[in-house]
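Presented below, as structure tokens, is a lone chain in the form predicted alone.
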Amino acid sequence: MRLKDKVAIVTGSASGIGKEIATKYASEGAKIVIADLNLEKSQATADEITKETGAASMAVAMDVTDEAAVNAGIEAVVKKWGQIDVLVSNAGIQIVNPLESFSLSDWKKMLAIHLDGAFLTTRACLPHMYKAGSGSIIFMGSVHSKEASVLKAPYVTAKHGLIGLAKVIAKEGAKHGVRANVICPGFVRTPLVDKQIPEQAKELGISEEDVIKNVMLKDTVDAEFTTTADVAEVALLFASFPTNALTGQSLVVSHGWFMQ
């Protein structure tokens, strides 16, 4: 088991990509923390993962934009298990609008969840990782960490920013054995993407089928969505890599949508 007895916190993990990553980690022996806005849903997911994998799990209610909530959640984990080995900053939302009509409140909301959330959770975890002399920070970026699309100004801005933040953490954390990397998925068929399809169809004046075929998947090599399982495999690689050789990097998993 590649993560035996490691303590892994995954934000936004009551469902979707985060839940898949948490389940993958649990199957590899990790103790799992499901951190999400709704404690009841978080606990249900934690219980499901424990039942499925036999791994230890716990749930914490966490608004990643709330400094006090983040700090309290991290401290609860340390109090229970005494360590934090992996942080996956996965919590995120999507709001689509043309830039000229994007409200400042929505802009701030998007940046707060994606960037402030990554900063606050990382800052809370780092002292415990530094003390242990090891750790892995993983940000959930996107192909939009590398590319841009219409209607997604704050999302693209935030996802680009995560790469910069990860590079700084990689440099600062190296002497403490802490690595930082970014996963950059293509479109994954989650509720977040399902919500975007009719929204983009309306904004672009095209059908939902055209959004899928000619917007979301048009640059892939096989017209396939990336799966949550695809993303979880990359998350496992970053979490379990044994040395600082793999740090400050971003890995695209997108069926060839973006190649570098």
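The first residue of the sequence shown is number 1, and the count goes up from there. The model shown is predicted, which means the values in this text are computed figures rather than measured ones.
In what follows, reference is made to the form predicted in complex with nicotinamide-adenine-dinucleotide (NAD), a form of this protein that is not presented.
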**OP:** Tell me, out of P154, G135, G141, G73, which residue has a non-hydrogen atom within 4.5 angstroms of nicotinamide-adenine-dinucleotide (NAD) in the model of the complex.
**Re:** G141
**OP:** Identify, from the list A59, A232, V64, A26, the residue with a heavy atom within 4.5 Å of nicotinamide-adenine-dinucleotide (NAD) in the model of the complex.
**Re:** V64
Original post:
Out of 75-83, 124-132, 179-187, 99-107, where are the residues with a heavy atom within 4.5 Å of nicotinamide-adenine-dinucleotide (NAD) in the model of the complex?
Top reply: 179-187
**OP:** Check whether S15 has any heavy atom within 4.5 Å of a heavy atom of nicotinamide-adenine-dinucleotide (NAD) in the model of the complex, and answer yes or no.
**Re:** yes
Subject >> Residue contact check: G205 to nicotinamide-adenine-dinucleotide (NAD) in the model of the complex, 4.5 Å heavy atom >> reply: no
Original post:
Is there any non-hydrogen atom of I113 lying within 4.5 Å of nicotinamide-adenine-dinucleotide (NAD) in the model of the complex?
Top reply: yes
Original post:
If you check in the model of the complex, is A201 within 4.5 Å of nicotinamide-adenine-dinucleotide (NAD), heavy atoms only?
Top reply: no
Original post:
Does anything in 85-120 come within 4.5 Å of nicotinamide-adenine-dinucleotide (NAD) in the model of the complex by heavy atoms, and if so which residues, in order?
Top reply: N90, A91, G92, I93, I113, H114
